[in-house]
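Quick heads-up: it's one chain on its own, the form predicted alone, in structure tokens.
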């Protein structure tokens, strides 16, 4: 790799913050993006002890100008080698059956969860190709489960899984690797939004995924490309879907 720079979307809390902390510990310069400035700055400040450059870019991943600003920030740090498409949206809260899901909300959640990660990957390709880059798309078990009321969100994650595998096949000759990661149920704001009023204290904190990230970043990128991994599974490789 010619660069050790990562972009992480949805980095102001939860899993995005955990991945940012992990990569900072691995010596990555970071570009962190999210919609709200104050929590994003708090994350950046918390990472100062790692002594790595951290840039924050506030905005919406559905906005092309925001995506360009994130990539420009990564290039200014030396070139992008890791793109973590973590920003996601449920669409509605509380969740609704697919038969009752508002179509405007469905369009919005597809823009955030599917179109934006693909668009960011497209825009980042020159840098990713130059640096043997890795794209990590965050998925969910809702992509496979067909769970009642999870249809709107699950549809987008199923689409993103297919996009990940397709991109992995298409970009292998260019030296760009793409994986899909299901982090599992976690005690996060978004998971609480899916269950308003419920006690979700039995779910683990996002830090539970750290051993998985350590494993993933210890692998040859070409070897893991095209895989769909479950970060809380006993065998991460068991759900690998060969390219």
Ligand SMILES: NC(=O)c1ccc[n+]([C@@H]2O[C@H](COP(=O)([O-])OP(=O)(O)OC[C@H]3O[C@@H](n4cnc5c(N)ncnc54)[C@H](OP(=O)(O)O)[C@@H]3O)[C@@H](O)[C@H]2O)c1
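Positions refer to the first chain, counted from 1. What you see is a predicted model, and the numbers here were worked out from it, not measured in a lab.
A second form of this protein, the form predicted together with this ligand, is not displayed here; the remarks below concern that form.
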Checklist entry - What stretch, of 133-141, 161-169, 68-76, 98-106, brings heavy atoms to within 4.5 Å of this ligand in the model of the complex? => result 133-141
Checklist entry - Hey, in the model of the complex, is residue 128 touching this ligand, heavy atoms inside 4.5 Å? => result no
Next on the checklist: Can you work out whether residue 36 and this ligand are in contact in the model of the complex, taking contact to mean some heavy atom pair no more than 4.5 Å apart?
Outcome noted: yes
Item to check | residue 221, heavy atom within 4.5 angstroms of this ligand in the model of the complex | outcome: no
Checklist entry - How about residue 29: is it within 4.5 Å of this ligand in the model of the complex, going by heavy atoms? => result no
Checklist entry - What are the residues of 59-91, in order along the chain, with a heavy atom within 4.5 Å of this ligand in the model of the complex? => result 59, 60, 61, 86, 87, 88
